[in-house]
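As a starting point, one isolated chain is supplied in structure tokens, in the form predicted on its own.
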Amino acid sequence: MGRYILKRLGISLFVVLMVSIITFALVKILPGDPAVLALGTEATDEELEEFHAKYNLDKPVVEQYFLWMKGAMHGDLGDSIKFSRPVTVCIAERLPRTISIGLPALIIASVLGIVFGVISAVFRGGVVDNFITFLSTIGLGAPQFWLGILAVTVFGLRLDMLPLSGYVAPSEDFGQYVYHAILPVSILAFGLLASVARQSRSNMLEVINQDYIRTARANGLSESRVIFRHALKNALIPVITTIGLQVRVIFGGSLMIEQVFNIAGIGSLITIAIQGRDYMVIEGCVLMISVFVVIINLIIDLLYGFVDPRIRKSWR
């Protein structure tokens, strides 16, 4: 197992390195000079040169990358061009807001998605199955910003039950945090839940038609034991993969939710950085997201072994 983990760690580090190189190259081909965007068209040549030198923009691209990577390895992601502050400070301010909205949405979507998927598969073709399938189709097809605007209109403007926008940190006032987070968490979770439910239903339908499930029923095992102990366990691997892929939605995919509900998170920070050609912020955010994603993927790979003993044996 130790060798397997080391192998996966090596692959993860390589992926992060490649993502950082590709991101660094892509941001450099964006049109516009960040110095002109930051200082304005009235800036003199001396001011532009001083700005370029401050942010190492006067050096070759390859040298810029190595200087940035050297700093990143020591926890220094450079200074933001637009905000004139360290990138780590900008990320530290925005990341908790994104996580406090995205993580509850992912947990809710994962638990309810698996439950609804199992129920839909067990009662295939019935009213419950058709209703869950209908909601899943809406969740997969409807744009998040449209659902967000609809929710604000109904629950915020018409019924006056929930706040239209804003964010309160859970550390400041947990009750107000929950009150302000109900709409954005629900809308973000809806799309994730639909994806997990569809995947769970599809896998459960495939598993419950296997011979060993029919044998378990023939041996007199209760239906609940057949479903949750035998069928669900074997159907979980693709579902775990689906849930792992949704981690990226917590960071980058929550942009629409942040825009609709006026939450200053990582998604809006990346948008502002792209518009202002803030190279350091873009590279720092993408690096942070890629590290989170590869860590989650590593955890998922380990979960495979605990769910399926056949995979665990292959680690040896």
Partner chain sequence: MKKIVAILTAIGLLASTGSMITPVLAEEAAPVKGGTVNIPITGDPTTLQGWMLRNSNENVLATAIYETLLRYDENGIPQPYLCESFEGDPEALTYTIKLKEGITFQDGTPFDADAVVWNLDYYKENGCLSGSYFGEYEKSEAIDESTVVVHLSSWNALFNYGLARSCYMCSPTAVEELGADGFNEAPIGTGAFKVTKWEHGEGIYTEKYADYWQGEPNLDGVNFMIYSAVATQQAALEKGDLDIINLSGDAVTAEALEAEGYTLTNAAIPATAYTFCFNTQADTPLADVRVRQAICYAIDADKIVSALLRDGKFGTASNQWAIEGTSMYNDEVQGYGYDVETAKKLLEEANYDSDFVLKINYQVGDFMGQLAQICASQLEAIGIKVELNAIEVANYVNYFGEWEGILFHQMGLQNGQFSQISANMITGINFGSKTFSHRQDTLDLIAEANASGEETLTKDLKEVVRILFDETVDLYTVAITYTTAVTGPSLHSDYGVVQANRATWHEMWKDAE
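Nothing here was measured: the structure is a model prediction, and the numbers come from that model. Positions refer to the first chain, counted from 1.
There is also a form predicted together with the partner chain; it is not shown, and the following applies to it.
S.K.: Heavy atoms within 4.5 Å of the partner chain in the predicted complex: which stretch among 110-118, 93-101, 187-195, 226-234?
M.R.: It is 93-101 that comes within 4.5 Å of the partner.
S.K.: Would you check whether the partner chain, in the predicted complex, lies within 4.5 angstroms of a non-hydrogen atom from each of V62, M69 and V247?
M.R.: No residue of the spot touches the partner chain in the predicted complex.
S.K.: Would you classify Y177 as touching the partner chain in the predicted complex, given a 4.5 Å non-hydrogen atom cut-off?
M.R.: It does not: once the partner chain is placed as it appears in the predicted complex, Y177 has no heavy atom within 4.5 Å of it.
S.K.: Using heavy atoms and a 4.5 Å limit, would one call L164 a contact residue for the partner chain in the predicted complex?
M.R.: Yes, L164 lies within 4.5 Å of the partner chain in the predicted complex.
S.K.: Taking the partner chain as it sits in the predicted complex, is G156 near enough to touch it, meaning that at least one heavy atom pair lies within 4.5 angstroms?
M.R.: So G156 counts as contacting the partner chain.
S.K.: Can D173 be called a contact residue for the partner chain in the predicted complex at 4.5 Å between heavy atoms?
M.R.: Close contact is absent here: in the predicted complex, D173 is far from the partner chain, nothing within 4.5 Å, heavy atoms only.
S.K.: Sort through L57, L37, M288, V27 and report the residue having a heavy atom within 4.5 Å of the partner chain in the predicted complex.
M.R.: The residue from L57, L37, M288, V27 that makes the contact is L37.
S.K.: Residue by residue through 63-88, tell me which have a non-hydrogen atom within 4.5 angstroms of the partner chain in the predicted complex.
M.R.: Going through 63-88 in order - heavy atoms within 4.5 Å of the partner chain in the predicted complex - the hits are K82, F83, R85.
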